[in-house]
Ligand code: ARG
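Only one chain is given next, in structure tokens, and it is the form predicted alone.
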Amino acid sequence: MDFREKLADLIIEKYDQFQREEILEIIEIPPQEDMGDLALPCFKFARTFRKAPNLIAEEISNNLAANDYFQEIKNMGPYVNFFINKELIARTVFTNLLKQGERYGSSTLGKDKNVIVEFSSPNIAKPFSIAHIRTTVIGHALRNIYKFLGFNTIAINHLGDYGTQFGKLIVAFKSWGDKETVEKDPIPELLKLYVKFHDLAEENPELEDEAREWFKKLEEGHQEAVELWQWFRDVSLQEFNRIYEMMGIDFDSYAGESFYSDKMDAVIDRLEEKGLLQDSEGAKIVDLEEYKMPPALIKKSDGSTLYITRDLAAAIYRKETYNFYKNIYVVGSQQNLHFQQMFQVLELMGFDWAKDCIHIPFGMVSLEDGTMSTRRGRVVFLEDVLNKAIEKTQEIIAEKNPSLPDKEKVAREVGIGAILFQELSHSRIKDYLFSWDTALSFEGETGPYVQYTHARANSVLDRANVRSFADILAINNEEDPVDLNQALEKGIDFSLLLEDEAYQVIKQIYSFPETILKAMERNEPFLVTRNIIELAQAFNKFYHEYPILVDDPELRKARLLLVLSTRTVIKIGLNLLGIEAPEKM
């Protein structure tokens, strides 16, 4: 039930001079809870009523009839404030949870619509560092959210497996590398070679020329270059997949930059047909001055291609292959200009679907003592972060609950969950300072806190021998309920859940479906994180104030219903974020 919609209906029923959409647009949520659940500002109506807004608010509040949806309506200055019927909102929440269970908040909104989410996309032969965690975790959460809302999602790992860096790596390996050494520990050894190349290239610039020559050979299909490149790719993917497995992430496609190497000529041909390509000192560009952007460099003077050429080919291929509704790129904000240029070039090429290509930027990750740099070897390996988080959790379990079943499994779920949750605890656009102390903290608004709340709710339900809504409705019920909805209506006294602490829990659960929708619309998983943190806080306050397993069977049923609903929604929220919900901690 959408109480905004009900409010708009009440107002236009009484005042037919207003449009429904007009009312819906201006309804607000008051800044303080004691001011109500919804508010209607009356400034906009001054001309129609020919009165001051505070007098209009007084008239509207007096004229709106008593109704089932709002238990109190009163004016506060130029606002009419509405207090939702608490018993009705409780009934609405629990009825929907009963119907949907662990699909609560899901929808068929995205039916028959394909959404591509490109995320993670590490560079082959380079470390999978903490710098990659943001794109990986944000992208995975977005994929889960879109999928939950009924979209057909295609997760693409657009591997950085092409470009001049491979010329550098080929030169480095041929000059100083050893195959057996690399195969024992691929990424760290390849990193050493890459760093050595850059150190020596500062003194010997001819190494850069040699690297460019080897990359050109790779583009031309030179046998040795291709074999080395394929080997670098294979050993890198083995390493990457181990880390993805730790985080519970998979992909539908690993088509990286190299996949489009034979599709770029068609892009260049179309650009020429459209009269968009211009010569610039031997290079090929698309002039974007009219759009207040620097020119898009399509082809270098030596004939080699660039990121934008391959990205144009990729976008066209994806439209032809998947006919996407949205083509989402989860890539750092430092690439804003690249995507603005790319989308503009697609539009100039005559592709009206360019508007469906969306860049989802996020802030940079830096270390406490400076910015990370692969070239300098200043890298924090993501696998090390995840393993240290697991070790830290194992220490806490050993200290606080040494008899916990499945200790290793729980340590992985909580340790990795702590790192992932932290990444999704802030708006994605903010820059992020990586700190070991913060990353491995298990206090405050953290993943382990929310996971522990889920485990606490589960423990209460275990003691009550309750695993489902049907179990609760069967308490003290002589007849087996055939219709659970009817049993809910007859079997639960919702007036027993109107204490403020219980109502705060219900309000958070009520807002959860809308939160998921907003997270999709804004491409901002942080909104889901925030919701389940606030739900966990509200539930823990209720848990400490009120006993659950009381003797009174009606009160016991009502409170167990609240516990089960909280557990269900926290689990859904954590899973949407790509995080496990342990049953015991």
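Everything numeric here is computed off the predicted structure, so don't read it as measured data. Counting begins at 1, following the sequence as shown.
The discussion below concerns the form predicted in complex with the named molecule, not included here.
- With respect to the named molecule in the predicted complex, the three residues Glu118, Asn123 and Gly160 uniformly fall within 4.5 angstroms at the level of their nearest heavy atom.
- Partner contact region in the predicted complex: 336-344, out of 97-105, 336-344, 166-174, 281-289, criterion any non-hydrogen atom within 4.5 Å of the named molecule.
- Using a 4.5 angstroms limit between non-hydrogen atoms, Val331 touches the named molecule in the predicted complex.
- In the predicted complex, the named molecule sits within 4.5 Å of a heavy atom belonging to Asp311.
- Under a 4.5 angstroms non-hydrogen atom cutoff, the named molecule in the predicted complex has His132 among its neighbouring residues.
- At least one heavy atom of Tyr307 is located within 4.5 Å of the named molecule in the predicted complex.
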